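As a starting point, one isolated chain is supplied in structure tokens, in the form predicted on its own.
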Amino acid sequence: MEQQVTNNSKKLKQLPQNLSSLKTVSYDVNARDKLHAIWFLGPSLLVLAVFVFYPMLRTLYLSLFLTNNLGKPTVFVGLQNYWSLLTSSSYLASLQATFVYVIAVSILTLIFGLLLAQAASFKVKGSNFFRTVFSGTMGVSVSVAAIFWLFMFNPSIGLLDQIASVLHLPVINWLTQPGWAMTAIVISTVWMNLGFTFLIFFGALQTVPVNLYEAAQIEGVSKSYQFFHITLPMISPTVFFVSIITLIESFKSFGLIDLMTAGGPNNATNLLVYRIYQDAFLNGNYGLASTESVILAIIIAIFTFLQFKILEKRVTYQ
């Protein structure tokens, strides 16, 4: 017995030396391993270089030049394109419209997506049907959605104005009045985004432990208190993720605006992405469009950074 204890003590004394020797072990990567790494990473890096890195550098390069109709740089102007945009009243109006649109779409998408997910999480008769309906917009293309909402907003045969006529309310020309056109685009975009947002939130709600709600019910806590003090903290990482994705996607909105309003009326819905499309592919001003792209990328980066700084502090990781 004493001999066994002595042997174990010797092994324990040798353990730190063995661990230190393990830390100094190095693994040599031979030429064959490097070749395998190149074969596996090469195609992905090539695709990224051609379709991501080169366009980014080319856009930054063109933003410093005046270009011809073919997109070739002609005159180096430095930061003059940036100064021209930031002092242009039409561009500042597009910037303001973009901020209004992005904030409205982001907030409404988060609120309605979370409320629909919360409603669909209740185990009642017919809940499966409503879950399918709520997520149905994910299978709708932008063109089909535009046709649907053009019909809804039509001042003559549109459903919304038909209901307004029945209720003796004023008929609204949704797509020909600047203020209402922005409202119509926001409604259409939120409807398109709800399917994805609903599914993400619904999946997150299923991971909240049921025993937390049971304990709250025993204590006699109200449903609203449970929602704000149990549900939201538990799914806060998902809310953080969806808010960032929704914000970025809102800045990149193009399809519905192109098909429904084409930036009108009176440039009320001429958002930054659609303005880039107009300057580049309709007006042939690739230098100015490149400058607008760089500014948009900077704006998205700033908003994303602010979201991380403000919202990440309130995220509860379990």
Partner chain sequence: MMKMRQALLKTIGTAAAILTIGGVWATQVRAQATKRTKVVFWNEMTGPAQQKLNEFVKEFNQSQTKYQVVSQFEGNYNEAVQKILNTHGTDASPAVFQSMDISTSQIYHSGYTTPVQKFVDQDHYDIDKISPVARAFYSEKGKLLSMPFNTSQPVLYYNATLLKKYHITPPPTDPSYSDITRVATQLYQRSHQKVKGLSVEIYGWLFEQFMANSGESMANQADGHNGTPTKVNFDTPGAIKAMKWVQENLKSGALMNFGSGSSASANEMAAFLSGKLGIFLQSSADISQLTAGTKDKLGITYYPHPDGQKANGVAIGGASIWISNDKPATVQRGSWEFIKFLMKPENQAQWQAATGYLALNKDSQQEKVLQELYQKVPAAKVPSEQLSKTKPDETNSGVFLQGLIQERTLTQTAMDQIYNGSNIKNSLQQAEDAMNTYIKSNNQANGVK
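In this text, all values refer to a predicted model and were calculated from it rather than measured experimentally. Numbering follows the first chain given and starts at 1.
Keep in mind the form predicted together with the partner chain is missing from the figure; the text below concerns it.
K.L.:
Taking a heavy atom within 4.5 Å as contact, would all three of 78, 187 and 253 count as contacting the partner chain in the predicted bound form?
P.N.:
No, none of 78, 187 and 253 comes within 4.5 Å of the partner chain in the predicted bound form.
K.L.:
Of the options 118, 127, 183, 173, which one has a non-hydrogen atom that comes within 4.5 Å of the partner chain in the predicted bound form?
P.N.:
Contact residue from the list: 173.
K.L.:
I need to confirm a contact call. Of 157, 92, 111, 167, which residue comes within 4.5 Å of the partner chain in the predicted bound form, counting heavy atoms only?
P.N.:
Looking at 157, 92, 111, 167 one by one, just 157 meets the 4.5 Å heavy-atom criterion.
K.L.:
Is residue 150 close enough to touch the partner chain in the predicted bound form, meaning at least one heavy atom pair within 4.5 Å?
P.N.:
Contact check for residue 150: yes, within 4.5 Å of the partner chain in the predicted bound form.
K.L.:
Does residue 61 reach the partner chain in the predicted bound form if we count a contact as any heavy atom within 4.5 Å?
P.N.:
Contact with the partner chain, no.
K.L.:
Does the partner chain get within 4.5 angstroms of any non-hydrogen atom of residue 96 in the predicted bound form?
P.N.:
Although the partner chain is absent here, residue 96 would stay clear of it in the predicted bound form, with no heavy atoms inside 4.5 Å.
K.L.:
Please tell me whether any heavy atom belonging to residue 206 falls inside 4.5 Å of a heavy atom of the partner chain, as the geometry stands in the predicted bound form.
P.N.:
Output for residue 206 is no: heavy atoms all beyond 4.5 Å of the partner chain.
K.L.:
Just give me the residues of 38-63, first to last, that have a heavy atom within 4.5 Å of the partner chain in the predicted bound form.
P.N.:
Heavy-atom contacts to the partner chain in the predicted bound form: nothing from 38-63.
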